[in-house]
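As a starting point, one isolated chain is supplied in structure tokens, in the form predicted on its own.
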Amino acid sequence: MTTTLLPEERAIDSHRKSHSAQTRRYGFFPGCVAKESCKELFNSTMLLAEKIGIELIELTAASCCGASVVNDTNRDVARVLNARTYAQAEALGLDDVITICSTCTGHMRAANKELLESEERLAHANGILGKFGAKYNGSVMVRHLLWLLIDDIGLDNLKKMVVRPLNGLKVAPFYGCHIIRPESVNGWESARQPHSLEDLITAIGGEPVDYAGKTRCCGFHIQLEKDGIAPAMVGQNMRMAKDNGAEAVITPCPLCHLALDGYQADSAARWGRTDLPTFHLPQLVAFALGVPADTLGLNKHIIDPRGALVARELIS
């Protein structure tokens, strides 16, 4: 799979490719959740980066992407916050900002698109950044780790790196919302028929499970509005995955992970027990590439994923 670039990204990509012969260095925006509620996601990402031979340079001075809260309240503030992050990457000589959260990906790409397509918005952001000695020149691309694995490392190369194939473990991909929608912002693969996670699962020796719930909402944000809706959504999605043979789930979003891992028990009364363990994307890939299971934070999950690995004789 190759990236389908949005028009305003093509010039940036040309600049990025001119540096492709150099050591692969990426700006790294882990987001809030991976540094707090899902620290195992951050740690497994860094372990995976070491395995695939890239350097993730964390943008430690970056602020929140704005998520839904700031973006819904004040779009101008959200754009400036993200422009500040991009300016930090530029100052370090980095063309890419890599995320490990679908929500961060969606909101940061939307902000960047709005900045790149409007000289007025970019000037407004830089007018504020200038007060603090910063400037964003518009040379950054925001990409998810999933896209990096497929576009920059390549599925064939990943297959060669696998030392612990998953022995046909039946894994249900869960895309959720923000990494595939809207296509006008992300534009990397079809929102209706994505297949990147399936391709990745196959590359590391698993068997992808197809089910209707893979592109539906996890319900995370809805939990803030009304109790009971999020568990019902999780239960329905996981029931579909389970009924189609899934033994585990993989997701590129920590918010989806929190919902899927945390709400299955609450949904059992309506949808029955599913007990599907949910892997963070870098956890399962790093495991297949030989990172020891006991370093990946699998014990941090509510539904312990180690049982699925034991059942496939991947760990004892």
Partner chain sequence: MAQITLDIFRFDEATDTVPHRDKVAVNVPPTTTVLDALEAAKAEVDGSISFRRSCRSAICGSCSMNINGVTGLACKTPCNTVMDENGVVSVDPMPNFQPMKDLVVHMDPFWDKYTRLKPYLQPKDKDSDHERERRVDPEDMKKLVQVANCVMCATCYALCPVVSVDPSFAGPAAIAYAYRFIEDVRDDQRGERIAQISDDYLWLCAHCYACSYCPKHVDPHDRIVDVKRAAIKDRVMMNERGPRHALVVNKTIRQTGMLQETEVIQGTVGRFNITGLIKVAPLGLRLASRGKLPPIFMKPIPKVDEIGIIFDALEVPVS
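Numbering follows the first chain given and starts at 1. All values reported here derive from a predicted model rather than from experimental measurement.
If you look for the form predicted together with the partner chain, you will not find it shown, but the lines that follow are about it.
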Next on the checklist: Please tell me which of Gln236, Ser139, Asn126, Thr202 lies within 4.5 Å of the partner chain in the predicted bound form, judged by heavy atoms.
Outcome noted: Gln236
Checklist outcome for this item: Partner-free chain; cross-checking the partner chain in the predicted bound form, the single residue of Arg84, Arg121, Arg164, Lys113 with a heavy atom within 4.5 Å is Arg84
Item to check | Cys38 within 4.5 Å of the partner chain in the predicted bound form, heavy atoms | outcome: yes
Next on the checklist: Please determine whether Tyr263 contacts the partner chain in the predicted bound form, using a 4.5 Å cut-off between heavy atoms.
Outcome noted: yes
Checklist entry - Though only this chain appears here, would Thr73 touch the partner chain in the predicted bound form if you measure heavy atom gaps against 4.5 Å? => result yes
Checklist entry - Might His178 be said to contact the partner chain in the predicted bound form, defining contact as any heavy atom within 4.5 Å? => result yes
Checklist entry - 144-152, 93-101, 242-250, 73-81: which one contacts the partner chain in the predicted bound form at 4.5 Å, heavy atom to heavy atom? => result 73-81
Checklist entry - Which residues, if any, of 207-244 lie within 4.5 Å of the partner chain in the predicted bound form when only heavy atoms count? => result Arg216, Cys217, His221, Ile222, Gln223, Leu224, Glu225, Lys226, Asp227, Ile229, Ala232, Met233, Gln236
